[in-house]
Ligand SMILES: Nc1ncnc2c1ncn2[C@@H]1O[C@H](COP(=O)(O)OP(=O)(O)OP(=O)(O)O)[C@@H](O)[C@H]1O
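Before any questions on binding or motion, here is one chain by itself as structure tokens, the form predicted alone.
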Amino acid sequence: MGSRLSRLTGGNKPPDDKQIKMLDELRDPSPEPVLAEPEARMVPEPPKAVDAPPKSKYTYLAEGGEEYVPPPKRRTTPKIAKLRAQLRPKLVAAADEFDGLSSSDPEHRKMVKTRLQTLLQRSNIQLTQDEYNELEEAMIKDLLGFGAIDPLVLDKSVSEIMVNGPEIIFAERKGRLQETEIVFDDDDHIQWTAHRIVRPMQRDFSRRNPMVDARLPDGSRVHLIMPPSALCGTTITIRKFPEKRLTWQDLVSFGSLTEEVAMFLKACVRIRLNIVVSGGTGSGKTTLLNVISSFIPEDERVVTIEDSAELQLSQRHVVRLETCPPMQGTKEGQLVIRDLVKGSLRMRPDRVVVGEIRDGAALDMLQAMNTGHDGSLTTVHSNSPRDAVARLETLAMMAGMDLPVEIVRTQIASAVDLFIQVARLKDGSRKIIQITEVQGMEGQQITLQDIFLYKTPGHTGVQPSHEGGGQLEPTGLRPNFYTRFEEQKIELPRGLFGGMGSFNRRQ
């Protein structure tokens, strides 16, 4: 400032008025002029708040806005996971050598342990005792069991297992789904388990055939899908079945139906009604079909047809058929449900039981029911008996016969006698919620009549309740096939149909 002042005053001369004004401007400059268009100024955005780090890799909002935190995962240590992947194929002489063996058999476990010890010694792999114990158990699960999910498969309290890629595995217990602490090492680990499941059934699970239905040795149903269709990684869904075959008494004790309704269904099977069990996924259709099939007399020949065999009929004269995929790399050797339904009619069956109708086989099944194979049973996916009718119409028209819908409806009305609707209720229980008779055609529509309806206290609607704590109650209407019970001298509980029945309870 001193040098600037000297230049302005010309040395030591006192400043004049003009110079003083210039000095004032230097000391106190005027404020920045206002822009003509302030809205055009670039104002920096305030810094965004940084979210707190999630408690785990996957964090979700559960119902009610509460944060859902998955359970802590039980992972294989990195060193053992790497060894596990490297040694799996080296411990087997052939890919199918251990198929049919079990992780719960001491002799089978000993075989794996011996081979593992020999291989580690030859490879000069050094492990601590804890590392060896972890590796040994991992190899037993992979070679003799079902990999990471082997404990869930062996757990009798688990009814369903859902693998959504390596990181997320759910299990159902008593109707409730819960995420487990179990994980696979990676997708290759799931693939190893998937091939162990499908290989004994001679099914191909590869990019050529990326979706497969299979079953476990105990009869549990398995569905598998691999990437790229499964975006989260290879998906495995296992529906387990009880070791003990359930009876109608078990369903009564579970509250799925009443004893009177069980007697009614037994009578319906005895008079050879064609019955369709309908319901959603996991509602208990196959379980109920198993129980209803047990009412078939011992002296009748029964042919069962399924995608993957689940039915467990107790009768001796039973022929079990299962679909067959094409031979690897070809289109030959394939048998689908429709092929088996057609073939079964040449096997002199008294009854045809189809595990599930999901394609054009519906038309063949309807024709079988209409051509002397009364008493046939099947299941279909639907939310109500009325929806089941529409579903059967759609499936029958998929047969490629180009039939008018009126003809298909006539076939359904004359073939199906009874729909039994099952559902999984909000409390997780599975119950029969509706038993509906097909009364025939009225104009171009199929007429249905409810015989029993599931109701909870205070429920007044014409549709069944989906809350827990209710019971299957009669609607007060007697079915048209009532006279067939009398003709065959089948006696049922008095008042079965809401006071209109007249039978004494003897059966």
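Remember, predicted model here, so these are calculated numbers, not experimental data. Note that residue numbering follows the sequence shown and begins at 1.
What follows is about the form predicted in complex with the ligand, which we do not show.
Only one of 114-122, 275-283, 81-89, 176-184 places residue heavy atoms within 4.5 angstroms of the ligand in the predicted complex, namely 275-283. At a distance threshold of 4.5 angstroms between non-hydrogen atoms, L246 is in contact with the ligand in the predicted complex.
Mapping the unseen interface onto this chain, F295 falls outside it, with no heavy atom inside 4.5 Å of the ligand in the predicted complex.
For the chain shown alone, I337 is not a contact residue for the ligand in the predicted complex, no non-hydrogen atom being within 4.5 angstroms.
At a distance threshold of 4.5 angstroms between non-hydrogen atoms, S256 is in contact with the ligand in the predicted complex. This chain lacks the partner; the member of A368, V303, L251, M226 within 4.5 angstroms of the ligand in the predicted complex by a non-hydrogen atom is L251. Residue-level contacts in the predicted complex: of T235, T287, Q411, T193, one residue has a heavy atom within 4.5 Å of the ligand, and it is T287. Residues from 189-216 do not approach the ligand in the predicted complex: none has a non-hydrogen atom within 4.5 Å of it.
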